[in-house]
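Only one chain is given next, in structure tokens, and it is the form predicted on its own.
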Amino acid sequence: MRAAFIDATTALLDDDPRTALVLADISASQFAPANTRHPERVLNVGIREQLMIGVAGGLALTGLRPIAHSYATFLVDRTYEQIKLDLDHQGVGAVLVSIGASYDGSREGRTHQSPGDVALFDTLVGGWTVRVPGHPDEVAPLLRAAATTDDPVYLRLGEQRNAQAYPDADRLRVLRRGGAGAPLVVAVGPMLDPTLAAVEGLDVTVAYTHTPRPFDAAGLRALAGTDVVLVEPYLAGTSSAVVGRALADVPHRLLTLGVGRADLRRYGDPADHARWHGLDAEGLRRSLDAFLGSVRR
């Protein structure tokens, strides 16, 4: 996904004089050719992530469309106040593109883990669009769409990927349909493939989206039965309030699966963390069986 982002951003810089890129050292070497061609619109502020967001806000005020990029933990967690003030409070937008996801950098320790990034955007008032692609081929269309607007957009990239791309899944896209009234399982971004493996043999409907914000409330209402399961690649329960509002007048049960709230204080690799948080296929199946009981096809 990172390579797809670099290629798509380089093309935007070449084709659209409104596009600007602000870096804080991360990926600077990969963007060196673009920097040579467009030194006035490719800016590397060094390891100063808060300044990166401030510069992006200033560029947006001049009419440019800034893209700011780093690891999620540095781009969002570390710069939250600047996002709140220099973008949200100023009423300007930018495209924030992260890598690292919740625990891609787990070998580096907690400093490189960011399971709470999407939850932070929910505290802002600017109406952020959040995109979480599940395949590299979804990245470029989402980035190009974001570059054509002035809206605030967060594009969350990671190493985990699904086998197939669904670029049009900004709304809930049904990929597996159960019987009438079957439980609905919503998989966000790269959680699709482990979810499909986990529901093998169960009478459930599976829907996919790469756009958890704005959440497809109308699609959810059309598909939801009594039981709804939400599988997200970040902090468990991040979208529970959104789902609750969408189904406020519909009797339902909700199970939210994602990264647990406990700090594991462990290194390991991403597969280890997926297993420890119950986000591999086996862990998801255990949670589904406990919640749904003996639902079978």
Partner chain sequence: MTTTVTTDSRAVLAGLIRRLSGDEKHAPSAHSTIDVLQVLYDRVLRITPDTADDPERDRFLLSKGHGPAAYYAVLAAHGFIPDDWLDDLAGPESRLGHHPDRLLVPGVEIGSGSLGHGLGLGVGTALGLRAQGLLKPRVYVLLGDAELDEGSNHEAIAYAGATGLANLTAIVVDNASATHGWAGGIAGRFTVNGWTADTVDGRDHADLYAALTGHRPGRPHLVVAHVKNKG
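Quantities reported herein were computed from a predicted structural model and do not represent experimental measurements. Numbering follows the first chain given and starts at 1.
Not pictured, yet referred to below: the form predicted together with the partner chain.
Among residues of the shown chain, H252 is not one whose heavy atoms approach the partner chain to within 4.5 Å in the model of the complex.
Although the partner is absent here, R221 is not a contact residue: none of its heavy atoms lies within 4.5 angstroms of the partner chain in the model of the complex.
Using a 4.5 angstroms threshold between heavy atoms, R37 stays clear of the partner chain in the model of the complex.
Under a 4.5 angstroms non-hydrogen atom cutoff, the partner chain in the model of the complex lacks A197 among its neighbouring residues. The three marked residues, R48, G58 and D86, each reach the partner chain in the model of the complex, with a heavy atom inside 4.5 Å. Listed residues T211, Q160, T205, Q82 were compared with the partner chain in the model of the complex; Q82 is the one with a heavy atom within 4.5 Å.
In summary, among the residues G260, G237, P270, G54, the only one with a non-hydrogen atom within 4.5 Å of the partner chain in the model of the complex is G54. Only one listed stretch (240-248, 37-45, 66-74, 224-232) carries heavy atoms within 4.5 Å of the partner chain in the model of the complex, and that stretch is 37-45. Residues of 132-163 include none with a non-hydrogen atom no more than 4.5 angstroms from the partner chain in the model of the complex.
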